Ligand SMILES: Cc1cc2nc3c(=O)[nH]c(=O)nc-3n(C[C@H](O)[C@H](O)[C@H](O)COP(=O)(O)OP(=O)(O)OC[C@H]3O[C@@H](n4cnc5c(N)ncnc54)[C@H](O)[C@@H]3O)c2cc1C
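One chain comes next, on its own, written out as structure tokens in the form predicted on its own.
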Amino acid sequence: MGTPEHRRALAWIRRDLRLKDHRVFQRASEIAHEFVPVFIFDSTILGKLSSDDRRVTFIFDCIEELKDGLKQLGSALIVRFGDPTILVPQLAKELGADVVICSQDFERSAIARDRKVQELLKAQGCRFETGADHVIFPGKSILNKEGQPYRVFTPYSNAWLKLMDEHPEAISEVTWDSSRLVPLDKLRSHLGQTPTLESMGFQPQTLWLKAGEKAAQDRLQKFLPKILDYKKDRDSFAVDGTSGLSVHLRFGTISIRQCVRTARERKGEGPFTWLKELIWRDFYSMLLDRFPHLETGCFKPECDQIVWPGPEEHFQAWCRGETGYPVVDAAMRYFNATGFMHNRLRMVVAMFLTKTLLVDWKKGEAYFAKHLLDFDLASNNGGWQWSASTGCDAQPYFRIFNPTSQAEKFDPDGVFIRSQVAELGTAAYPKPIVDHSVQRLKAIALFQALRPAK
């Protein structure tokens, strides 16, 4: 390693709330004599959330753990609440940083934010640098023979696996030099008072899982004995057969590289199936990056023609878990209580909303965006458009999940359903609000009536 080119770096952490396998910290310790970790509770995002949003509690708990971890290393985490386009340049100037480093984000609003921060930093003589961290291969890394992004998952996945074999360093563990951290004594005058949940307008929430890097590592260790059976058990509603790491991957309390290494180090269908699920994250992130219209419309332009006839009262019944279809109601009630939903159940409820209730997928996407603890725009949008048959490599419009047969197959004894729908089998339970077989034909007709996009 040569002589660092920068005097001091500001390491702006965002979706990487951990100390281990940390690309931003590695880069900061490589190119700067010393660096300062900074986290900003973004008021432009938090201001749109309700005071009981669970995600803010999760992030807050992660930050508290990070503060303790950096303190043990003889340094500190500077935490602020406000607009990052104002605070990052201010902090860079205050701390004497001549470079700011952070991980890439592919959402339009985040790209615009980072562009503005870069311009303001440049005006004060400070560099801005980003790099991939929450995906293995960012948007433009994998292209087909025509130099275009893939539109079908399987060939993308094959290309992804080939590229990983050719570049094993893409998943290697990243180490960083903690001696490059600015010592606590030098930072005391800059620390200020860490914002509290209450001061930011939020109330502490009870979470279904523990937050933080240690909790993520514990959860991974608990998953390892089950990974060989992952392909068989992952779709079962009543069996704890998934990793439960989605929220940790979302906020970067565990490295995607560590998860990929874990899958690659183990043989069998279970680990390989889990690896393919991790590749879907990269695929959806790539789509969002390469096809920004996904944030506001259908991947298939002709699907924007659809006028979804489902009434608002059916959407509200779906939200409450009162459709009269036990598996849908159980899934939505559990989701409302925890902010978590099993992946197979996400497909079931999404397809039920769009293909049985004939409600616009964008309404379901927005409801999930508001309540998912592991909400990620790329994955949420991709999953909804897959289920609604409006997206890239989506479920064919004529293949429609039957909620009753899904329940019989993946919760045959009704264990999960009964755990959430106590009134099942009594007069208190609502009758089905629609006939699935009738609605299925209406859904198929909606798609058959589409005109090819010009």
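Note that residue numbering begins at 1 and tracks the sequence as displayed. Just so we're clear, the structure is a prediction, and the values are computed from it rather than from any experiment.
The same protein has a further form, the form predicted together with this ligand, not shown here; the description that follows concerns it.
Contact here is defined as any heavy atom lying within 4.5 Å of this ligand in the model of the complex, and by that definition each of Ser243, Leu278 and Ser379 is a contact residue.
In the model of the complex, this ligand sits within 4.5 Å of a heavy atom belonging to Leu372. None of the heavy atoms of Phe237 is located within 4.5 Å of this ligand in the model of the complex.
In the model of the complex, no heavy atom of Gly252 sits within 4.5 Å of this ligand.
Contact between Asn343 and this ligand in the model of the complex is found at the 4.5 Å heavy atom cutoff. Note on the partner interface in the model of the complex: the residue among Tyr230, Trp176, Phe202, Tyr334 having a heavy atom within 4.5 angstroms of this ligand is Tyr230. Residue Phe368 is the only one of Phe137, Phe368, Phe128, Phe106 with a heavy atom lying within 4.5 Å of this ligand in the model of the complex. Checking 278-286, 106-114, 177-185, 71-79 against this ligand in the model of the complex, the stretch whose residues place heavy atoms within 4.5 Å of it is 278-286.
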